[in-house]
Structures are given as C-alpha cells and as structure tokens.
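A single chain comes next, written as structure tokens; it is the form predicted on its own.
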C-alpha cells in the first residue's frame, strides 16, 4: 500500500503548511474541527474536502494554530480559500520585495489587497508572517461586513488591517488608492471564469472531482462576483494593468494571480502596451496544481532601489 507523503511538494520553503496536517494539534487549537475528522484511505486522519463545513472548520483550525487568528468565520456561500496556496502568494511576494532590499524581507511594507473578500485571508497571513500593514478593498457589502467582523473579533488586527469599500462597480484602483498615498505592493486573486455558466460548470466539476455528485448551488465555490466577470481573468487583469498606469508613482509593485498559463501571452501584450518598466513572473505549485503571479512596475531598477532605501530601512 502506498503511504502518503509527509511533505507537500512545491510549496514555498517558508510556508508553514509544507508538512501534512497534524490533526491532533489542529484539534487542540480548534476543538470544533473534531466533528469533521475521519479516517483517510491509509488510516491517517483527514476531513471530507467535499463538505464546505469541514473545509471551513479546517481553515478555522489552521488560522488559529499557525496565525493566531482565534475568531474566523464567513457567511454561507462565500469563497472558502485554501490557506496553503494563499500563504504561498504572500511568501513569494515577500521574496519579490526582498530582491530590492538587499535580500531582506521588509517588515514595514504596506500592501493593498484588491478584493479582500469575506475571508480576509491575505491580510491575516501577511500581517502575522511579516508584520505588514494591509488595506483591503471590496465591492460587496456583505463581504466587507464579514471581513470587518473578523478584524474586530481578533485583538490587534485593527491596527494592521483597514478596509475600504469600492463604490464604483467597474473600477479597481480609482477611489481606493487615495491622492498622495503609497503602497509597496498590491495583490489580487482575480475572478477566474468569463461567464456565470462557466463558473457554474467549474463548481460542478469541482464537486465531481471531490466525489460529490448531487447538483447544488453555485455558492459551493464562492459568490458570483468572486468567480466570474465578463472576459474572465484576462479582462480583469488587463483592466488592472491599464488602471495601474495612473498610480505608477504611488505603487512599487502591482501583482496578480494568473491561474491559467495560457492567459499569459495576452496579459504580457497589455503590459507591453502600458509601457511598464519591469515584469516578473513568480511560479507557484501545490502538489500537481500549478499557479503563478505576475508583477509589474512603472519604476526602473534605480527608482525601486531608492524607494526601498527610503521605506524599508
């Protein structure tokens, strides 16, 4: 019988989730997880990843055990993110910021999370791991309310994380980045699908892959605005690139996940047309799943070095 690997291949070296889950320790940090523990195919402990309540309980345990977030919940139907993959984005972003700071990850960074979501996951991980301050933007009032509740329920987070409502439905940066305000980086997990039907099909495919065959609501995998926009990932990232031109002296690095590698050529064309000075691609992997984020800057190497020397020392 093949035994499961003790480490998860591909994750960043600083990722706290490179080893298999220690369910005994996680249950100590979050007793509610106990109700969802079951025996895996090799006799080890696991949870049913097709059960949204089990996945949410696992997230609660991971956030409590590794990141000191003792109170975390999201309303039914909102995206429940995989914590290890979200942590990987934060760690690779830290490496990008370190490249311009003599190899040292800055502890004074200010980061904008575009679409912070009901789960507030990137700020929760980033402030704990590196002491960064976050601004989270969000278009959905219910998601913003949920993120606010998480911040308010955990002492100390309100000093590290602030939230802003995007009041213009078709805007990303305008109205969020204020005049004379600066950020060392932005990050974003853009909508993946290009239509409601594609999002629904994707959710059904996810169910089948997890062994959950009955048809259900789209919210198995997130609210519609979290999953799709017209034109999909390429359109959203392209809009972000075009909007970023107006803020090229206020932000050192703009970044975004790109879930499909075949979308990169179209995105690179938009970056070239926008006249960016520098483009970086950071590859990420979790087991068999491949992902990456792209980063672009309107500052040249010397300008970014001066920025880092001023802000990170």
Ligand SMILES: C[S@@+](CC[C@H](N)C(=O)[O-])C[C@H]1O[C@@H](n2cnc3c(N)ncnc32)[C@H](O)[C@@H]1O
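Being a predicted model, the structure only gives us computed values, none of them experimental. Residue numbers count along the first chain shown, from 1.
The following text describes the form predicted together with this ligand, which does not appear among the structures shown.
With the site C-alphas superposed, this ligand from its pose in the predicted bound form keeps every atom more than 2.4 Å from the backbone and C-beta atoms of the shown form; the site is open. The stretch among 116-124, 177-185, 97-105, 146-154 whose residues place heavy atoms within 4.5 Å of this ligand in the predicted bound form is 116-124.
A residue is said to contact a partner when one of its heavy atoms sits within 4.5 Å of a partner heavy atom; residue 74 fails this definition for this ligand in the predicted bound form, lying far away. In the predicted bound form, at least one heavy atom of residue 190 sits within 4.5 Å of this ligand.
Of the heavy atoms in residue 83, none are within 4.5 Å of this ligand in the predicted bound form. This ligand is not drawn, but in the predicted bound form it has no heavy atom within 4.5 Å of residue 129. Every residue in the set 137, 140 and 236 has a non-hydrogen atom no more than 4.5 Å from this ligand in the predicted bound form. Though this ligand is absent from this view, in the predicted bound form it lies within 4.5 Å of a heavy atom of just one residue from 90, 161, 172, 111, which is 172.
In this stretch, 254-291, not one residue has a heavy atom within 4.5 Å of this ligand in the predicted bound form; the partner itself is omitted from this view.
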